[in-house]
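Quick heads-up: it's one chain on its own, the form predicted alone, in C-alpha cells.
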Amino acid sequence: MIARKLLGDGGVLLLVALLVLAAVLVPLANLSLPPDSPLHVSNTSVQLFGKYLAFAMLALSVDLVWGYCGILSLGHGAFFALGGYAMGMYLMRQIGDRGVYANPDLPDFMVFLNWQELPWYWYGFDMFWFAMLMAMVVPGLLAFVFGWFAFRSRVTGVYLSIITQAMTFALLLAFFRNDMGFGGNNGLTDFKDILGYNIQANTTRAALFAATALTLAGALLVCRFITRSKLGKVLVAIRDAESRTRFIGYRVEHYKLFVWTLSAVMAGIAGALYVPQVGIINPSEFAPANSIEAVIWVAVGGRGTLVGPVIGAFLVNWGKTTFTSVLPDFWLFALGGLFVAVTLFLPKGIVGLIAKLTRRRAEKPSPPVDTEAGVGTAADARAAAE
C-alpha cells in the first residue's frame, strides 16, 4: 500500500504532507524536548537535514529539465551557487561594524584588499527581500540568456551538457578572482544575523529548517502542476521525440527555454536556503563535480518521478556523510561506482525498482487451491500415521 501511494500521483502529495509535518515536528522536537529524550532531534541533525532539503530542491530542479524534457544539465550547480552568493551578500551586509576590521560600510575582505568603497552591484543587498529577489533573478537571467542562444541554435544532447559544464567552470574561475568583489577563494563567511536574528541560535536554525522544508513542498506542488498540465505533456513529447514534436507545430525552443529558466530559479532559491544553514559560500560551489553529483541524485532516486530526486538526494548525501567519516579518501570512488551500478542495474532508479517489484507482485497469479486434493492428502497422511 505504501509503495503504491509513493509511486502513484498521490506520491507527491504524500511527500508534501510529510514535509509540512517535518517543518512543524522537527523544530518542536529540537527546541521543546530535553536532550535525553528518545524523540529529541539534535542541533547537528537539524542543520544536516536542512542542508539535505536544499540539495533535494536542487535535485528536483535538475529532474524537471532532465527527467521531463530530456535536457541533461551538468551546470545546475552554477545556478545554485549564484543563489547562494546572493544570500551571502545579504548576510555580509548584516555584519556591519562587528567584523574583524569594524568597518560598517565594507565587508572584511574588501577592507583587507584596500577597497575604498562598496561596489555598485552590492547596493540593495542590505535588504532581505532584495537579496531573495536577486537569488531568483540572477540565475534565471543567466539561464534565459544561455538557453536563448543554445536552444535557438538547436544544441542538444551531449553537446549541450558539455556547454553547461563549461559555463559553470568559467564562473568558478571568475569567482576565484579577488577583483570580482566576492571574497575570492575564501568566499563569504562569518555571518552574524538573518532578519535580525542570531544565525547561530538554535531557534534560527530550526526556523531555517522549517522554511526549507516548506519551500521544497511548494516546489513539489509547482512541479506537479506543470507535469500534469498540457505543458508537461508537451515537455515529455519533446523528451521522447523532439523532431516529431517540432514537426507537428510546437515551438520546441520556447518550451525548453521556459522549463530551463524555471529550473534555474528553483536552483537559485535552493542555494539561498543552503547558505545560512552551512555558514559559508565560496567558489567551490561552482565546481563541475557538484553539478554531476546532482545528476547522480536524480539518477539514483529515479528521474521523471518528482519523488525520486528527493529520495536520491537524501540517500546519497546521507551516504556521503557516513562514508566520508569512515573512509574519506574513497568517497569519490564509491560515488562513481554507485553511478555506474545505477546506470547498469537500476536505469529507472530506486523508485523505478519499487514500481517494478510492486507491479510484478500485483501480476503474480495466486496458486490454485484444490480442496479435494487437500482432503485426500490429509487422509493419506492420517492413514500413513496409523
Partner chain sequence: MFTFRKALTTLLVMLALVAAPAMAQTPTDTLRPLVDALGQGGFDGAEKAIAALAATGDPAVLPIFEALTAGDLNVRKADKRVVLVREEGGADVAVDPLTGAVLGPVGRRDTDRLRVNNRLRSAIAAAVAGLSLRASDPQVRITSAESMFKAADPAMVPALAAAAADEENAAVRARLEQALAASVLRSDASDDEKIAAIGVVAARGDRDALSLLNNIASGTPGPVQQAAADAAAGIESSLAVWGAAQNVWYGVSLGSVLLLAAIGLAITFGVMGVINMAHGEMVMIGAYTTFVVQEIIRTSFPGLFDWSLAIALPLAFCVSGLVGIAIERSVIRWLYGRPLETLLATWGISLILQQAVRTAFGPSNREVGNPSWMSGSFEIGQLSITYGRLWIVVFSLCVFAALMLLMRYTPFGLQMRAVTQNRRMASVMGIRTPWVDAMTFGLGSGIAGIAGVALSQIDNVSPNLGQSYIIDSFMVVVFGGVGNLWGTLVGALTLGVVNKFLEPYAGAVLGKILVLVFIILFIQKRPRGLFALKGRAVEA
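Note that the structure is a prediction, hence the values are computed from the model and not measured. Numbering follows the first chain given and starts at 1.
Omitted here: the form predicted together with its partner chain. The next part is about that form.
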- Task: With its partner chain left out of view, choose which of Met132, Ile163, Ala207, Met110 has a non-hydrogen atom within 4.5 angstroms of it in the predicted complex.
- Result: Ile163
- Query: Given that its partner chain is left out here, which of Tyr250, Tyr159, Tyr121, Tyr101 has a heavy atom within 4.5 Å of it in the predicted complex?
  - Reply: Tyr159
- Message: So, Asn202 and its partner chain: in the predicted complex, are they within 4.5 Å at any heavy atom pair?
- Response: no
- Query: Even though its partner chain is not shown here, does Phe144 get within 4.5 Å of it in the predicted complex, heavy atoms only?
  - Reply: no
- Task: Check whether Val340 has any heavy atom within 4.5 Å of a heavy atom of its partner chain in the predicted complex, and answer yes or no.
- Result: yes
- Query: Is Phe128 close to its partner chain in the predicted complex, meaning a heavy atom pair under 4.5 Å apart or at it?
  - Reply: no
- Message: Is its partner chain in the predicted complex close enough to Met167, Asp329 and Phe333 that every residue in that trio has a heavy atom within 4.5 angstroms of it?
- Response: yes
- Item | Residue stretch of 307 to 315, 272 to 280, 70 to 78, 135 to 143 approaching its partner chain in the predicted complex, non-hydrogen atom distance within 4.5 Å | 70 to 78
- For the stretch 260 to 274, return the residues whose heavy atoms include at least one within 4.5 Å of its partner chain in the predicted complex, in the order they occur. none
